[in-house]
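Here you get one chain, nothing else, as structure tokens; it is the form predicted alone.
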């Protein structure tokens, strides 16, 4: 893989579209348990790729408990059973030392996709959503850290036009972002409404399926 660090001195537009067809909803603090359940379902290898080590259940619980919902955002894609199929954690951070100062305020983004939901572009959709949110949040660069062997994340980073630095089996990727505009703010608002509508429809359909499910046979 290319280990060259390209010139990051001049911010450039994100190489990802503003909108994406996948409904992605922002979770609130009351839904912390949904995010936790999603991460706990990850196999050991997937936890290793997501966090850089195969975290125990207790470690994941500690991680989720430490999320600051006042500043961080959890984005989620829900399946028809209202289970999180994919999720991303967006967190404004102090700029990593290796990040060029010209990139300004930075946010880190980490994502995970359930094993049975891969190959549908959900990781890319989450990244697109996070990049748009970052622009409207006044963030000028998006940062992702992963293992070099995490080929799915590297593919997402490359498709997005991120600059990638690889050292000692790890990879840091950066994307300079244009400032948000009225159009991007409106677009994000529309995406929020679409996601809320999608969630409401799935909830109604789930309740209907449960209401009309056949009763268990008497013993």
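Residue numbers count along the first chain shown, from 1. Every value quoted in this text rests on a predicted model; they were computed, and no experiment measured them.
Same protein, other form: the form predicted together with a small molecule, not shown, and the subject of what follows.
Judged by heavy atoms within 4.5 Å of the small molecule in the predicted bound form, the contact stretch among the candidates 61-69, 179-187, 148-156, 23-31 is 148-156. Put simply, residue 112 is close to the small molecule in the predicted bound form: some heavy atom of it is within 4.5 Å. Using a 4.5 angstroms threshold between heavy atoms, residue 49 counts as touching the small molecule in the predicted bound form. Not displayed here, the small molecule is approached by residue 123 to within 4.5 Å at the level of heavy atoms in the predicted bound form. Taking non-hydrogen atoms only, residue 81 never approaches the small molecule to within 4.5 angstroms in the predicted bound form.
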